[in-house]
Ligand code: GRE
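Taking the form predicted alone, here's one chain by itself in structure tokens.
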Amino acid sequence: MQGKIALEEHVAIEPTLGDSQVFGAHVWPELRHRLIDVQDTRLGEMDKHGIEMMILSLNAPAIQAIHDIKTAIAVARQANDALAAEVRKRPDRFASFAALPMQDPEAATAELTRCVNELGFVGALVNGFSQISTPDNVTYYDLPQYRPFWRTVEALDVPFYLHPRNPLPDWTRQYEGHNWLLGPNWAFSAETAVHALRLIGSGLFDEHPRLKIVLGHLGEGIPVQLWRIDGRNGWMKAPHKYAAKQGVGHYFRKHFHLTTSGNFHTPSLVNAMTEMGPERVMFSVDWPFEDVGEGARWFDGAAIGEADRRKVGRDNAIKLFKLKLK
């Protein structure tokens, strides 16, 4: 399929580049090149595999792992200015998500507003929880101090992409002796799914009914669990005790959009489309950590209808992010 739009596609700047070295020395030379390149190899891969536009975002955990608040604010601004400069070179091929210093909700609100209103960004991508002031102070965004931030996200009418990061080392007892489970194998999705469910249970979407959240990797495992989350031994008549007024499935299907980033598996795609409707699923690759060619070839040949392929591959992203494409 020609004209695909990919929207979990990462870039690094010098202060965040080292965050991606964890994938190993054997891939680092190639991965490093892919992270800092925008207009050369990346664009060539897009042309080769029918991708018209990429929405750029910072690598992970990046800003969220900078526990010094002033530094987090400064690096977020530096990253956003760098991303904006790349987009200005080829606005027909690139758009961008804002990186945000969520360590300071007021500063994050101001930076998102700047990025949307002044730089023309189409939303934000945030790498999970933030560490604030000390390395072990982990903060999630369902907490009350973030309500003014969410009010601004809703007012700006842009999506918020909740992207994975690993749990902190002190929080990984369950992975001891099994470090292979960290990262994209399991921990990324487990951590992000819990964060998304916290947002739902907190009542956030009752207070802000026009919020739009994006999850990658076909929903971080949540779609297949929706019935069980809400069913919960139903005969016992013990409803969830949380602030939200409705069941999890209600909010998930109404407020969340999913992408195929890093999950090139047709049964999982079909499940996501069945649970969410094909209008809430979008194509993505997860470049440079996944390969554009692999993701594009899979999607172009996936056993779904052509009308749905067009929606997932292009039309849904144009509508959600208000992209000005022909």
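This structure is a prediction, so every number in the text was calculated from the model and none was measured. When you see a residue number, it is the position in the sequence shown, counting from 1.
Here the subject shifts to the form predicted in complex with this ligand, a form of this protein not shown in this document.
A heavy atom within 4.5 Å of this ligand in the predicted bound form is found for one listed residue only; from 120, 221, 184, 203, this is 184. Listed residues 217, 77, 255, 195 were compared with this ligand in the predicted bound form; 217 is the one with a heavy atom within 4.5 Å. Per the 4.5 Å heavy atom criterion, this ligand in the predicted bound form is contacted by stretch 283-291, the sole one of 47-55, 296-304, 268-276, 283-291. Under a 4.5 angstroms non-hydrogen atom cutoff, this ligand in the predicted bound form lacks residue 65 among its neighbouring residues. Among residues of the shown chain, residue 188 is one whose heavy atoms approach this ligand to within 4.5 Å in the predicted bound form.
Using a 4.5 angstroms limit between non-hydrogen atoms, residue 38 is distant from this ligand in the predicted bound form. Contact between residue 311 and this ligand in the predicted bound form is not found at the 4.5 Å heavy atom cutoff. Along 35-58, no residue reaches a heavy atom to within 4.5 Å of this ligand in the predicted bound form.
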